[in-house]
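Below you'll find only one chain, the form predicted on its own, shown as structure tokens.
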């Protein structure tokens, strides 16, 4: 897996009546900014993204006791292929406590605006097309490179976010500033299983989906590849009966790209 972004772990006393600040950021890590190297692939491919647009929305803070904090002003289209972390919003004068219920979403929005260096035309395309995820790039091996441009309209809620190093949610320090990073994992779109913790990163089936061999892997070509035609032990769906072809499969993997402060996980729910 990717190395965890080095961030400052802030420790503060809660319930002391002070206030602090929170910076909400997102980052695509090196796998999206640079490449997924061949060493990460089971079959020696390399992937380089040139665009990785996501619509981030519905960020909220709360506590287990029911106290509600501020929420995201509005949905934002962000390209995590750009160098990051990218700040989405700053929350000032927050109660300096542990906000142990952090939630957000990745989903379509007709009211989204662009954040960071996102072209206005791309924002308009995401809104008018009802897309939440738009990825472009190339997959290569042994001098053979094929491009892709895929758009998905999936709507996913990420709730009860926790991180193995920082615990649940985030602690806002008195008089200081904390950071919550919504980390996007680009390698997940290349996993060969929807649920197994032992899923491998593979490129063979997707690269071979280019049926007319024109060097472009379209979503129609992914739809034409039935999972039953792929090698046993690969592209397991974990019982998801609606996932029948490679396009279905990559779409389902799109619900897993959102993470929390690096390698942290959230409860994911399809909307």
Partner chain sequence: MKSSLLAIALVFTACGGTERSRVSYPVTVSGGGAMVTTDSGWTVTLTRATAHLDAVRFFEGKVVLAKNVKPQWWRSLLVSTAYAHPGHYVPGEALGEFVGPLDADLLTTTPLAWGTADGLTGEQGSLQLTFATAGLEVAGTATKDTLSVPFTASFTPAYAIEGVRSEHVVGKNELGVDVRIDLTHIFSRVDFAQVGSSASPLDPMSPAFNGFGRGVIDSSAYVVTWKEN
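Positions refer to the first chain, counted from 1. Since the model is a prediction, treat every value here as computed from it, not as a measurement.
Form predicted in complex with its partner chain: not shown, discussed below.
- Though the partner is left out of this view, residue 195 does reach within 4.5 Å of its partner chain in the predicted complex, counting heavy atoms only.
- Residue contact check for residue 41: none of its heavy atoms lie within 4.5 Å of its partner chain in the predicted complex.
- None of the heavy atoms of residue 203 is located within 4.5 Å of its partner chain in the predicted complex.
- Heavy atoms of residue 188 reach within 4.5 Å of its partner chain in the predicted complex, making it an interface residue.
- Stretch-level contact check against its partner chain in the predicted complex with heavy atoms at 4.5 Å: of 205-213, 66-74, 24-32, 231-239, the positive one is 231-239.
- Along 253-271, a non-hydrogen atom within 4.5 Å of its partner chain in the predicted complex is carried by 253, 255, 256, 258, 259, 265, 266, 267, 268, 269, 270, 271, in order along the sequence.
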